[in-house]
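Let's start with one chain on its own, the form predicted alone, as structure tokens.
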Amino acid sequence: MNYKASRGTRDIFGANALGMSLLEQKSKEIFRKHGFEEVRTPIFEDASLFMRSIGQVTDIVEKEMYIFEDKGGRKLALRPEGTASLARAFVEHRMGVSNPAGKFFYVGEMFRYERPQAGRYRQFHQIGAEFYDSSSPAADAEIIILAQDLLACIGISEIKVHINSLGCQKCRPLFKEALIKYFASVGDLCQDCIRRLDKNPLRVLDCKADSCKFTDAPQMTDYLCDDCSGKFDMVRSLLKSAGCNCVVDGKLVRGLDYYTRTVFEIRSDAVGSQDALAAGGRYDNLVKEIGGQSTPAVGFALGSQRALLAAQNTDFFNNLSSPEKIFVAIADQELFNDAFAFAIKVTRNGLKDNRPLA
């Protein structure tokens, strides 16, 4: 029998493996320069952690999570994203005490059962960062700029930063009421929209099938309280001062229920319709909801495969060197010794060009 990789997974080798390793290496260097500490969480957690934090009425929980029972009858889930796992670790190990700066990053595999597409797989890699215990708009701006810097380090500069505010527990209910009233006037909604309208009307805005019908939908920015409005203005001002031009996108709600206030996506035309390379936002209530102290937080995640797909025509990929360009067929021992010495030099000092040995 000939075995093949399972649907939605793939083997990573050659230039793609080199690109993945270099992206992770560069990201760690950038994170550490910003004072972020690495955390590695298990690839599976209690399934209720994701159901509670991500939200029952989300595509991830409803359709995409890999859930299974172990031999002890415990319901577990392969992690579909990194924020909930890191928040659980933050609470469990009281990381706010050992790391007062509250800055953490992670690199690893995530799992979602969805239709495989270019740059999107059922097992995929994410690079993410979380900034705890700061409600300052400067933390939001730093996270967005950090995500932008990670993409720039692999040659991706043609991007669009979309940003929105989802408000807080004070002003969001008013926006939800306005949305319900508006959607009642829109005919022929899909079944997903009808179901979400009752439990989470913000998720209706994220519908891929009906979004074209919502051109006149209310905007959250018109319902923000003074505090949320002031902080959103400050985030945009800080981004502008850092040279990051962003677009306010009223339909941007993100697919996870834990978000509050700032949400964002960084998009590129280089990867087709699935154009979000990195995304995130603020989640000030999550830590408390899973048993910790009230702790404001903001973070982002970058999809490694999709980012590398967007970088495939950049100098970053063109300058990658495969081992076969260094180690070639050797006819005699003397030439082998020369090649070996050259290979060691390359390993220590880096390859200056892509020319193979003659």
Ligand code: AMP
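Numbers for residues come from their place in the sequence shown, where the first is 1. This structure is a prediction, so every number in the text was calculated from the model and none was measured.
Another form, the form predicted together with the named molecule, is not on view; read the next lines as being about it.
Novice: Name the single residue among Phe131, Phe90, Tyr121, Phe232 that comes within 4.5 Å of the named molecule in the predicted complex, judging by heavy atoms.
Specialist: Selected option: Tyr121.
Novice: Of the options Leu49, Ile30, Ala301, Val39, which one has a non-hydrogen atom that comes within 4.5 Å of the named molecule in the predicted complex?
Specialist: Result of the distance check: Ala301.
Novice: Test of understanding: in the predicted complex, would Arg172 fall inside 4.5 Å of the named molecule by heavy atoms?
Specialist: No.
Novice: Test of understanding: in the predicted complex, would Ile154 fall inside 4.5 Å of the named molecule by heavy atoms?
Specialist: Heavy-atom contact with the named molecule at 4.5 Å: absent for Ile154.
Novice: Lys213 near the named molecule in the predicted complex, any heavy atom under 4.5 Å?
Specialist: Lys213 lies outside the contact set for the named molecule.
Novice: Answer for Ala278 alone: is it within 4.5 Å of the named molecule in the predicted complex, judged on heavy atom distances?
Specialist: Judged by the heavy-atom cut-off of 4.5 Å, Ala278 is in contact with the named molecule in the predicted complex.
Novice: Residues in which of 218-226, 109-117, 136-144, 240-248 have heavy atoms within 4.5 Å of the named molecule in the predicted complex?
Specialist: Result of the contact check: 109-117.
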